[in-house]
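Form predicted on its own, single chain, as structure tokens, below.
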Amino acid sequence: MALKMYDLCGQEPERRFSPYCWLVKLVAAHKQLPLETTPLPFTDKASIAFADWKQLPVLTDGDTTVVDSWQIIQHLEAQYPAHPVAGSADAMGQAMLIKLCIEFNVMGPLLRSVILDIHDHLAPADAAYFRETREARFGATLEDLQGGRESHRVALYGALAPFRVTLKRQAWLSGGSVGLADLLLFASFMWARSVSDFQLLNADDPVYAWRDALFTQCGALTTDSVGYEFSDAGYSV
């Protein structure tokens, strides 16, 4: 087995921030699979041309290439069934609903809260690419988007309501133990945490306690592998 993944990075190669790449890393860690990562900036498309794909993550498993984080997770579950994150096709289907809820409701206010911080951690060519593509997408400058942080924080609080209520009833989003539902949401928080010190959650929020419990579960993956020690005082998302 030789699992290798191309992982989105900032100007510092060790700063990895893609939520989709984080998801694959978290799933691999949960499944106790060694995963070698190669940092790749936004504008380096040539390095993944072999995959006929322009987005990260890209995974190679020996002679097999897999693109798209969801397809990668399905591949890992099928090829390496030990320590499953879902456990069945039905569970994967249910997790898809969680994935879409996060993408439609949570990732928007998260991105708007840290979008300028992402830009500021990119090399000049990547920063220019990021600004051009994101400002075209949102119809506003990065400065104006992130300038509404407090309103985005309020929107995020509302978007997290189903997760908050769930965590008042059970320890993990997946039930009695950590599963794919937890890793899907946690990957989004790692996205913000890797580029910004903006406080997104209140300390009395059940999502905050759940997030901290996952930091403990994931250990060094959420600290050393990104090259930064995130103290509770400095990083409160």
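One rule holds for the numbers: they count along the sequence shown, beginning at 1. All values reported here derive from a predicted model rather than from experimental measurement.
In what follows, reference is made to the form predicted in complex with a further copy of the same chain, a form of this protein that is not presented.
Stretch from 124 to 132, 141 to 149, 109 to 117, 82 to 90 whose residues place a heavy atom within 4.5 Å of a further copy of the same chain in the predicted complex: Selected stretch: 82 to 90.
Proximity of Ala181 to a further copy of the same chain in the predicted complex, heavy atoms at 4.5 Å: Because a heavy atom of Ala181 falls inside 4.5 Å of a further copy of the same chain in the predicted complex, the answer is yes.
Using a 4.5 Å heavy atom cut-off, state whether Cys101 contacts a further copy of the same chain in the predicted complex. Contact check for Cys101: yes, within 4.5 Å of a further copy of the same chain in the predicted complex.
Test of understanding: in the predicted complex, would Ser174 fall inside 4.5 Å of a further copy of the same chain by heavy atoms? Answer yes; at least one heavy atom of Ser174 falls within 4.5 Å of a further copy of the same chain in the predicted complex.
Heavy atoms within 4.5 Å of a further copy of the same chain in the predicted complex: does Ala78 have any? No.
Quick one: in the predicted complex, does every one of Leu97, Asn105 and Ala161 get a heavy atom within 4.5 Å of a further copy of the same chain? Every residue of the candidate spot has a heavy atom within 4.5 Å of a further copy of the same chain in the predicted complex.
Listed residue (Ser47, Gln170, Thr43, Gln199) with a non-hydrogen atom within 4.5 angstroms of a further copy of the same chain in the predicted complex: The residue in contact is Gln170.
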